[in-house]
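To begin, one chain is listed below as structure tokens, in the form predicted on its own.
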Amino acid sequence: MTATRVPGVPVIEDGVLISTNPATGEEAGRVPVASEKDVAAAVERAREAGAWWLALGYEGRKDRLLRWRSLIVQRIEELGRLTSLETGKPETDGIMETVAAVEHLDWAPRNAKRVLGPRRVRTRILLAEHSGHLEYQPYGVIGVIGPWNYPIVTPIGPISGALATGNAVVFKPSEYTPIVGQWLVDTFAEVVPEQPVLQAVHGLGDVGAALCRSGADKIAFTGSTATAKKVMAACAENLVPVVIEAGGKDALIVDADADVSAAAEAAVWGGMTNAGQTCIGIERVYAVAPIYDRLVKEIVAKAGKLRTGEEIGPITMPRQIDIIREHIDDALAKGGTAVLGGVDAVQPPYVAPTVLVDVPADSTEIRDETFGPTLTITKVADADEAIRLANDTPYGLGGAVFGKRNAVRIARRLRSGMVSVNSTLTFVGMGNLPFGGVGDSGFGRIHGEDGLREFARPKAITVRRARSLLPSTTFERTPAQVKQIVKAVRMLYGRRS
């Protein structure tokens, strides 16, 4: 029996997942759906492959990962076309997403040994006869559950960190973008044909749940906050650790001394790129009164030039269109004004750029993640009010500040894991900076040194090199020796300074 197909919505027929373009309905490809047993078997294969991969050492893994990086770059246009076919986004967006992914695929293997390699730790004086050693050991098998909105750069973050560290990876791409995910796995196999170090398992949410319960040693998840809670609950059954990158409601603050034209350009990019389907996208703008009117005018002018169906691609998930419509309706019903777009902007599968002003703080357009090409712009008295409003959210993923004299100070006060100053979204492109959020946006980090450490367990080792002068860890210590220890502790730590 053939299931009814809605463009972009994954369909399973006879054990095969069929992926289609959300704008045209054109088929992007087919992959087999994994059963619970299939997922468990993939993890077992990964465990054996991981031992081989770990034995290659940092340099061996670096060589293979850099060859994979180079292969992806050589075929970057192919990946851009495939991403456009499967997601509907412009080919150039897929290419630029790949560019960002390549940065992380380059940085992680080049720096893994420096960050994670064994090292001596300075001895403390009360244990002077011991030497301290620290090393990081890979977990073994990492499960990566990826999103559909950025199917290249987002999973490449944890995949590159996990592989560089010495783990094997079982990757569950989103059911909306399985073909891009399989392309990544297949190209990796071209440079690592010996063992299934990176595998893909495909299917709907039940396959992700099976991966959480499969015996994988850690799960890296990117997706909505609601799904993140389900992932955590499934992992908690066996105390499987997780790193979570969930939703956001990121804010841009524009201070009085900002370059208003540059701020407007960055706001439109940060809010409208990928049709607003960006977890770190700008959804709220807070502008101080002296520059508010000019900023609104310039944002409307720049956003109004964007062409739906060209620069603005389709909304990938049809049910998200209803959420975007509801948010716009609620904002207008509560007194907000659409200075661009509005209710008529929603023309499935597209939503045209929409800019809203005077939107009350209790509206869903302000409170909840919209995940569409909409911006609210709110006038504030000063930066302090902007910070207060920007932080008035359960989310805390990214954000941005435009200004000069106080911009960095404002950035530090934002409750978020990342902030761009005089730009938007740029922190995602720096391989040496950690990526992640706080609150309902998740916890843990990918990218950078912190991201590498997410995929390895720290192990402390002490080695006794000589006889103890002040023996404390023995039943054979004497009262006199205890007095000497107390005297030494008072000398070392008894003073306030």
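Quick note: we count residues from 1 along the sequence shown, nothing fancier. For clarity, every value in this text was computed on a predicted model and none was experimentally measured.
Note that the form predicted together with a small molecule isn't included here; everything after this is about it.
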Inset, instruction - Decide yes or no: are W269, L356 and P373 jointly within 4.5 Å of the small molecule in the predicted bound form, with each residue judged by its heavy atoms? - result: no
Inset, instruction - Answer for C279 alone: is it within 4.5 Å of the small molecule in the predicted bound form, judged on heavy atom distances? - result: yes
Inset, instruction - Would you please decide whether M317 lies within 4.5 angstroms of the small molecule in the predicted bound form, comparing each non-hydrogen atom pair? - result: yes
Legend entry - Touches the small molecule in the predicted bound form: G181 (any heavy atom, 4.5 Å): no
Inset, instruction - Although the small molecule is absent from this view, report whether F221 comes within 4.5 Å of it in the predicted bound form, heavy atoms only. - result: yes
Inset, instruction - Counting only non-hydrogen atoms, choose the one of 126 to 134, 261 to 269, 196 to 204, 76 to 84 that falls within 4.5 Å of the small molecule in the predicted bound form. - result: 196 to 204
Inset, instruction - Select from the listed residues V102, I291, C212, I312 the one whose heavy atoms reach within 4.5 Å of the small molecule in the predicted bound form. - result: C212
Inset, instruction - Check each of P147, G166, G403, G396 and return the one that places a heavy atom within 4.5 angstroms of the small molecule in the predicted bound form. - result: P147
